[in-house]
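Only one chain is shown below, in structure tokens, and it's the form predicted on its own.
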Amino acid sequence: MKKTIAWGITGAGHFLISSFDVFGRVKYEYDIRVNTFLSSAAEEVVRMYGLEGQLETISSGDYLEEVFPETRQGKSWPKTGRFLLDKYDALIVSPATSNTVSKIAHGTADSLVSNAVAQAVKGGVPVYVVPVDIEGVVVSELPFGIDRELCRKCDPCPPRDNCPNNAITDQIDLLKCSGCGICRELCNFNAIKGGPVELKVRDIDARNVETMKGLEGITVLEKPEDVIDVVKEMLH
């Protein structure tokens, strides 16, 4: 029987692109169905990074390959009830924000993804979590933004005038931005950038990861690429 994975995405930029790359491989190299659960923050972040089209290729919309956005699921999240009905072989949350990790670690299930984790554990479905904040310093990719020191405030401004979402004024409105990159290509002064930034992991976030490691039914993975090993083991 064909295997089915539930994929929980939360609102982190770190590990987001690599998670999409990994689940693309899971879908096509290993012929596994992927049913995606998007937190409300993930809905915004996936759009900011221009990944909505890629998500449609991973979860095509067929049964057990749907995309469930939190903002369209009501407050009782009835679709998480599937974890009690032997529909999934695993739930993988990647990336998992420190907020989601804290909820999982302390038994809170008040969001779509944290509720999916709770229901999966109750239903005996193995849960794997890829936290963005494990320890030390992480390097995260930022969405597009304007470097004020490089911006010449041109008028007309090609990036602003050609933005398909009208997301640019003196800054980029990330709630409108779709991550298409047109603005970066059109700026003559390289003032529009997205890129790596170093972030220190808070002690409390590292402790929550350690707490989560001790919970029954939950396995912590260090990086999205570790999902491939989980899939290989699942198939053998």
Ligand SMILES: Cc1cc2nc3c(=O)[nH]c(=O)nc-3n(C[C@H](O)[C@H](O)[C@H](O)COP(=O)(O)O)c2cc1C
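Since the structure is predicted, the reported quantities are computational estimates derived from the model, not experimental observations. Residue numbers run from 1 along the displayed sequence.
Omitted from view is the form predicted together with this ligand, to which the following refers.
Checking Cys187, Val45, Ile58, Ile32 for any heavy atom within 4.5 Å of this ligand in the predicted complex turns up a single hit: Val45. A heavy atom within 4.5 Å of this ligand in the predicted complex is found for one listed residue only; from Val209, Ala41, Val67, Ile168, this is Ala41.
Residues placing heavy atoms within 4.5 Å of this ligand in the predicted complex fall in a single listed stretch, namely 125 to 133, out of 125 to 133, 71 to 79, 148 to 156, 84 to 92. The shortest heavy atom separation between Asn115 and this ligand in the predicted complex exceeds 4.5 Å. Although the partner is absent here, Ala12 is a contact residue: one of its heavy atoms lies within 4.5 angstroms of this ligand in the predicted complex. Using a 4.5 angstroms limit between non-hydrogen atoms, Ser98 touches this ligand in the predicted complex.
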